[in-house]
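In the form predicted on its own, a lone chain appears below as structure tokens.
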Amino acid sequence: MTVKEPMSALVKNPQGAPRKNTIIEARNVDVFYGKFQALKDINITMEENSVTAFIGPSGCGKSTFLRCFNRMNDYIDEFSIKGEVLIDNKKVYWKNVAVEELRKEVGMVFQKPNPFPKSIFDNVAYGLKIQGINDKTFVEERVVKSLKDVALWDEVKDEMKKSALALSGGQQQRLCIARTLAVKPKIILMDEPTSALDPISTAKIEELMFELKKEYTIVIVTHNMQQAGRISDKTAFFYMGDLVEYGDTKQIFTNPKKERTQNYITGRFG
């Protein structure tokens, strides 16, 4: 799935404030693993250049829903989906979608850093090379820019031939984000990207998200509600396969509309 059309200009809502374009949309999405229904009638829209956080107890469907956007669930036995998932108004599960192209547009960062057993340079350049891009100058410029974008360049610029496995956990995770950025996605999915990191590394990743959303749309699954409150523009609360509530993060955490949301936010369950 290649998305080439430029996004339209920002429009204004009736009150005159700028309104961002919708880049991700789910319409009546049901997900099944065999007979088990993991997601039930999910409807949601997410705006470009924003951070959306998915919260909720373990097993509630957050990661399953996240993986719908780049079709990572396709690898799971007995997975099936009903309804529509759209990226830039294009159907992700349309039969003619080129999944490899989709995953260039929708990158993913996993819970644990997963650098390849290669050099720092080769890790970041990997996606470009498998796309057949062999222009040495272009690849080098993209690698440097990606490392600068994740605030890692100054730490590794003199060690580009060093194994990525020798980096600290926090550096490895930033390297994995750089690897994702190198192929210029529009959307970055993050599945608990800081859960295996120390507080200092976590803070660096959170600071990074504020910068990245200027160019990218970010969707993050997190069990850390304080993190969701710090980094996200909007928050979606999932419970037992249902999207219970979705709205501005400040509203979700200070004045939730649903009792189940209130109970989860205040620690009464979860």
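Fair warning: this is a prediction, and the values are worked out from it, not measured in the lab. Numbering starts at 1 and follows the sequence shown.
Same protein, other form: the form predicted in complex with a small molecule, not shown, and the subject of what follows.
Although the partner is absent from this view, Ser58 contacts the small molecule in the predicted bound form, with a non-hydrogen atom inside 4.5 angstroms. Among residues of the shown chain, Arg67 is one whose heavy atoms approach the small molecule to within 4.5 Å in the predicted bound form. Residue contact with the small molecule in the predicted bound form: Thr202 places no heavy atom within 4.5 Å of it. Although the partner is absent from this view, Ser63 contacts the small molecule in the predicted bound form, with a non-hydrogen atom inside 4.5 angstroms. Among the residues Ile76, Ile130, Val99, Ala166, the one placing a heavy atom within 4.5 Å of the small molecule in the predicted bound form is Ile76.
Contact annotation: of the candidates Ile44, Met209, Ala38, Val244, the single residue with a non-hydrogen atom within 4.5 angstroms of the small molecule in the predicted bound form is Ala38. Residues within 4.5 angstroms of the small molecule in the predicted bound form, judged by any non-hydrogen atom, belong to 50 to 58 and to none of the other stretches in 226 to 234, 22 to 30, 50 to 58, 212 to 220.
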